[in-house]
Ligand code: ADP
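Okay, so here's just one chain, in structure tokens, the form predicted on its own.
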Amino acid sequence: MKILFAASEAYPLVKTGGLGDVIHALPRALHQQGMDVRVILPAYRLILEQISNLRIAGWLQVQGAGRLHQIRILETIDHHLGVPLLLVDAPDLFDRPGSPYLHPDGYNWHDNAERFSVFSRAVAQLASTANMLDWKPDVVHAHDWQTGLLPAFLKLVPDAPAIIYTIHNLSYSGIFSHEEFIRLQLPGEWWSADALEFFGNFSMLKGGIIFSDKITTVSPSYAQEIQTPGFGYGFDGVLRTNHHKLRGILNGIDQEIWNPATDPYLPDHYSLKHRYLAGKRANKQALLEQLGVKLQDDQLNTPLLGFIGRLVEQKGVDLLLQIIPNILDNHDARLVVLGSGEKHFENALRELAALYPQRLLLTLGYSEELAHRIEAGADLFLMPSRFEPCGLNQMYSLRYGTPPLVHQVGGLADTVVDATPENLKNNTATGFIFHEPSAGSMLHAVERALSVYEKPASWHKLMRTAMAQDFGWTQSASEYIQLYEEISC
């Protein structure tokens, strides 16, 4: 079966979040199960700087905002992704500095609506015929709002491939004005509550929901949550209407990249079967020394809590800020934080780090090396997200023997088993769960975790159960193949 993945990012070429990780790992897993998979991305400047041996597969003429774009389709078998890569090369739209969506100064590109509508039009043209590539997909798999118009454009094409649309995060929905709708010369009949119109504007993501053959989200719980007003961002009604084609399939993780037995970022390797206690301890010591902590002989036994993530309300940073003084005033513990985001959260963390030197270890920004070292060196990993479509860090933490503490939402609820006395006794516990998005509920869970940490036998059992979990892509890829087969028959 021929599958074309259309997305706006893919690790390691370009990545802003979990979408990039999925577009790296899922096509590879599908390829390993016999699928003929190709990935198509915009030809951002950042990607072109990393890839050589590009071939011009052909040219397309694509409608933009009041103008036609002459677009090259570039083709390469690139080692970065492990499957063939295609690029939509429109230099005036994609050959720019900055991230895929933002100017280097941090604001959205003014023409994002045109950039990603042109990308979707080009992919629809390419996927509707085998003339250019001598290859036509049986299924197009589109991802997030940037490709939301792709299912709609494919519905205008005779004998088009089937299409699956995956929502990675409903809070990013590609909403633009009616004026932009007119400028893009989209079909007039799409300006309807039954199509793209969304509370006086239009939403590209809504196009994906309405016009796709199947919709998936990145965890079963999130698929249920987004059909409710509390998590639906205004789309809950249209999702309930289309619930018959909606399914949650849990994301996996790349277990080659995230493997404490081979991780090149770690100073000491370990696994469930080899030196997991000694390895954790050695990585903890190295992490603390790297962050400037002056250790006394017995201080490695002090619990180290970790947080990695965007410093935004979605990630529960406000809850974390509220409980840090209580944790550090009342418990012999340390906290390491890695992330960046809203300035008021960054400033609040700076102030707390100044109040608790050697105990609140703050790094603003992002470092892949430090992220791996925190996963390996921390004792407990904090993920207090107010909502989390899937989440990956909790799965990395499990693999590294660092029990996660999570809010019971989305993929966090689907991947962590709470360390209740019963679950600890029957060897099913893998972490700690709190149920209300409040500082009090989170603090209670942290205190439960610290009390278990004080019992080494129970904590080591928890670590071993966590490390025994398998969240690779094999099972998820099989579920996607089943969906592909259903819609392409």
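Since we're looking at a predicted model, the values are computed, not measured. Heads up: residue numbers just count along the shown sequence, starting at 1.
As for the form predicted together with this ligand, it is not shown, yet the points below apply to it.
Highlighted residues His274, Pro403 and Lys461: none comes within 4.5 Å of this ligand in the model of the complex, counting any heavy atom. Using a 4.5 Å cutoff between non-hydrogen atoms, Phe116 does not count as a contact of this ligand in the model of the complex.
For Ala466, no non-hydrogen atom is located within 4.5 Å of this ligand in the model of the complex, even though that partner is not displayed. This ligand in the model of the complex comes within 4.5 Å of a heavy atom belonging to Glu368. Contact annotation for Gly316: none of its heavy atoms lies within 4.5 Å of this ligand in the model of the complex. Between 384-392, 156-164, 85-93, 134-142, the stretch whose residues reach within 4.5 angstroms of this ligand in the model of the complex through a non-hydrogen atom is 384-392. Note on contacts: among Ser177, Thr262, Ser340, Gln185, the single residue with a heavy atom within 4.5 Å of this ligand in the model of the complex is Ser340. Taking Arg310, His331, Arg240, Lys245 one by one, only a single residue has any non-hydrogen atom within 4.5 Å of this ligand in the model of the complex, and it is Arg310. The partner is not shown here, but in the model of the complex the stretch 19-37 reaches within 4.5 angstroms of this ligand through a heavy atom at Leu19, Asp21.
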